[in-house]
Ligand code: HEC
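What follows is one chain in structure tokens, specifically the form predicted on its own.
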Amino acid sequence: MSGLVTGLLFISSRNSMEIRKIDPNVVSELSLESVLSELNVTPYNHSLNSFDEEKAKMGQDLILKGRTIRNGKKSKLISSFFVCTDCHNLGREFDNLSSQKASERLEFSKNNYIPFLPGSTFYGIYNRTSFYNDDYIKKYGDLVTNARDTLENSVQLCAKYCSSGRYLADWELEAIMHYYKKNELKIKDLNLDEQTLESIVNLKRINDDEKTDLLAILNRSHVNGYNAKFLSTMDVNKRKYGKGGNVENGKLIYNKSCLHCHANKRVTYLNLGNDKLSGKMFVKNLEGYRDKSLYQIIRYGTYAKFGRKQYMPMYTEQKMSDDQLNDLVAYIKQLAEK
């Protein structure tokens, strides 16, 4: 299918243009990119004109395993220390795709049994236009200059620096882009109301003002680029040390965030569990700005260094709020008192 038209679908052939009516429900299966194209929006700079299922499968392997099979041989690991899913979910993280609220993200994590991670999900990444936004320049400096508005460059930055790995070969990058294309947003993902869906069905009949309104709605229906505000470790006089915190939320965060990497030393050397010893270790280090203080580690993380490339990523305000951090501390303190 090459084009979308209002209650009609144009299908290109070599010699003619076949026109047939479609059920409006079919519109829900259309890609967001195809609808934006009909609204004459400039294509994504990473837009793919064709899609290759085999390349997408290799891209999925690279994301999940850090390597794939190509020409009958195992490819080189991207990183010996991380795979993408250590920090990024692959699926939806919000009921409302325009939301960036940490509270809504945690609720969705709870209801859908997914981790609560420091990185943005790959779900819908093909439809974003900006990356490493806002305060990430404080962490990566000039490295984000070419990554902010280019999906390919942002992937390369992540592969080389975030995963303590290497730059991707052209074929690897292409495979990952095909994986992203396979999982691009469709109209059905956007929770649009009936009036908006009707506008899409009747796209060729609506006037320019209505098209402008439709485009604005589509742009608001999902995140074009996740915000990233770095929070400080919090002045010791402002810390609540778990007072008034929601222990159940804290337990959820601990299990879906901390243990995602630290349970059974899955990613890093520090082994944690829902045990008194783990709780006491954190409580002992809550004060001041110690390396193992939750206030320090959540907001600043650590950096990869020689001999220890597995570092701790930081959580921005959008990924974990100060209230959620207080909830986590409340649970840790309860854990220590078992």
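Just so we're clear, the structure is a prediction, and the values are computed from it rather than from any experiment. One rule holds for the numbers: they count along the sequence shown, beginning at 1.
What follows is about the form predicted in complex with the ligand, which we do not show.
Chemist: Is there any non-hydrogen atom of Val267 lying within 4.5 Å of the ligand in the predicted complex?
Modeler: Heavy-atom contact with the ligand at 4.5 Å: present for Val267.
Chemist: May I ask you to check whether Tyr311 falls inside a 4.5 Å heavy atom distance of the ligand in the predicted complex?
Modeler: Flag for Tyr311 set to yes.
Chemist: When the contact criterion is heavy atoms within 4.5 Å, does Asp291 count as touching the ligand in the predicted complex?
Modeler: Residue-level check for Asp291: yes, a contact with the ligand.
Chemist: State yes or no: in the predicted complex, is some non-hydrogen atom of Cys84 no more than 4.5 angstroms from a non-hydrogen atom of the ligand?
Modeler: Judged by the heavy-atom cut-off of 4.5 Å, Cys84 is in contact with the ligand in the predicted complex.
Chemist: Given the stretches 181-189, 147-155, 236-244, 202-210, which is the single one in contact with the ligand in the predicted complex, using a heavy atom cutoff of 4.5 Å?
Modeler: Of the stretches listed, the one contacting the partner is 147-155.
Chemist: Counting non-hydrogen atoms within 4.5 angstroms of the ligand in the predicted complex, say which of Cys258, Ala102, Leu252, Leu214 makes the cut.
Modeler: Of Cys258, Ala102, Leu252, Leu214, the residue with a heavy atom within 4.5 Å of the ligand in the predicted complex is Cys258.
Chemist: Is the ligand in the predicted complex close enough to Ile176, Phe282 and Thr302 that every residue in that trio has a heavy atom within 4.5 angstroms of it?
Modeler: So, yes: the whole triplet contacts the ligand.
Chemist: Determine the residues of 108-125 with a heavy atom within 4.5 Å of the ligand in the predicted complex and present them in sequence order; the list may be empty.
Modeler: Pro118, Gly119, Ser120, Phe122, Ile125, in sequence order.
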